[in-house]
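A single chain comes next, written as structure tokens; it is the form predicted alone.
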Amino acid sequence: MRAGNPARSAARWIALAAVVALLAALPWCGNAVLVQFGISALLLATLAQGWNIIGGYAGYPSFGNSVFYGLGAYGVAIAMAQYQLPFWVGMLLALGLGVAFAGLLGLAVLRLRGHYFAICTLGLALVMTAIVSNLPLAGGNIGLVLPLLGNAALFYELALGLLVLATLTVFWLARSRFGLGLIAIRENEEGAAVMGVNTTLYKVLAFMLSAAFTALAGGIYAYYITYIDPAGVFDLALNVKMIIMAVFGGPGSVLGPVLGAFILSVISEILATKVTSVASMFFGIVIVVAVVFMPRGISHLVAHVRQAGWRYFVDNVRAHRL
């Protein structure tokens, strides 16, 4: 959201507050299936928003955020299943594991750029899966079983609260000096360094902030699903999904990743329900078409299609033709 007319800005905030209120009321109005879908969509939106910090604003395409998700899940699982600690202690452990690992990892891998950084982070999930599979504390290949709570409404509200917090953080980021520094790094890292931006510090902090929300989402997922194993929580497909949702919605924007996650989650659910055998193929086609015709996402589309009309799509095809 950009600064503009005060009345228009106030109307936008009121509209967003109304949307959040409606979402918060869903567990008390919808059925169990809708609540279950809502939890999944909200967690995916949080993952997309977390990736947006490092990938959208800093311009570093991380394929390793699923590592933070897995660490968060195991933080809660180990605390609750192995030491019988309460959920909130597990969430603190999840946060600490994700942020600490991102800080240590960032100092090493954020010196790489472009496809070198992407390839390096891509292998992290495989390495972490192998490590955790051999840790008795983490249950090895078998995984861990958490206590059953059976309160879907609570997990829904937790997921919604985390998404709101992540989105407000990105909103602050877009208007802060720190956020401007990340954008400068994304556009021209050498130029940002010349202008006095501590690029290493900014990148590592962005990586840690991204990891924080990702790990907390993993912690909520672990307690909700009550069973985790290394292959499930360190899944590379999850990382690809969060990137696709962020890019589809509009990386480097406040609401784009959230919209992208919700829209693609709905499309995926409908296709899986109606045409289960070819759902993945149709979902892939939707993504390819979207990338070809609106490569900068839905947020950019909404901002420019009114003036350009159909030329917006034609210009994108010409500018980004294969």
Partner chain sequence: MDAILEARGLTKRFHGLVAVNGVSFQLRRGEILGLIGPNGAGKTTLVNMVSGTLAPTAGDLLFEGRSVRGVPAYRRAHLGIGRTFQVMKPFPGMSVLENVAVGALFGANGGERNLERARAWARACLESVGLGKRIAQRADALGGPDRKRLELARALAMKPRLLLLDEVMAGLNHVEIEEVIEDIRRVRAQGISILVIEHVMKAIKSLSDRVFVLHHGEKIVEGGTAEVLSDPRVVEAYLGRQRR
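Just so we're clear, the structure is a prediction, and the values are computed from it rather than from any experiment. Positions refer to the first chain, counted from 1.
Beyond the structure shown, there is the form predicted in complex with its partner chain, which is absent from this document and is the topic of what follows.
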Exercise for the section: Kindly indicate whether N188, A193 and G196 are, all three, within 4.5 angstroms of its partner chain in the predicted bound form, using heavy atoms. Expected result: yes
Practice task
Mark N141 yes when one of its heavy atoms lies within 4.5 Å of a heavy atom of its partner chain in the predicted bound form, and no otherwise.
Solution key: no
Problem - Partner proximity in the predicted bound form: G106 to its partner chain, non-hydrogen atom cutoff 4.5 Å - result: no
Practice task
May I ask you to state whether L126 is within 4.5 Å of its partner chain in the predicted bound form, using heavy atom distances?
Solution key: no
Problem - Contact of R177 with its partner chain in the predicted bound form (heavy atom, 4.5 Å) - result: yes
Completion exercise
Of the candidate stretches 168-176, 96-104, 75-83, 210-218, the one with residues having heavy atoms within 4.5 Å of its partner chain in the predicted bound form is 168-176
Handout entry: Contact residue in the predicted bound form, from I225, L92, I131, I183 (heavy atom within 4.5 Å of its partner chain)
Key = I183
Completion exercise
If we test each of F117, F87, F155, Y202 for a heavy atom within 4.5 Å of its partner chain in the predicted bound form, the one that passes is Y202
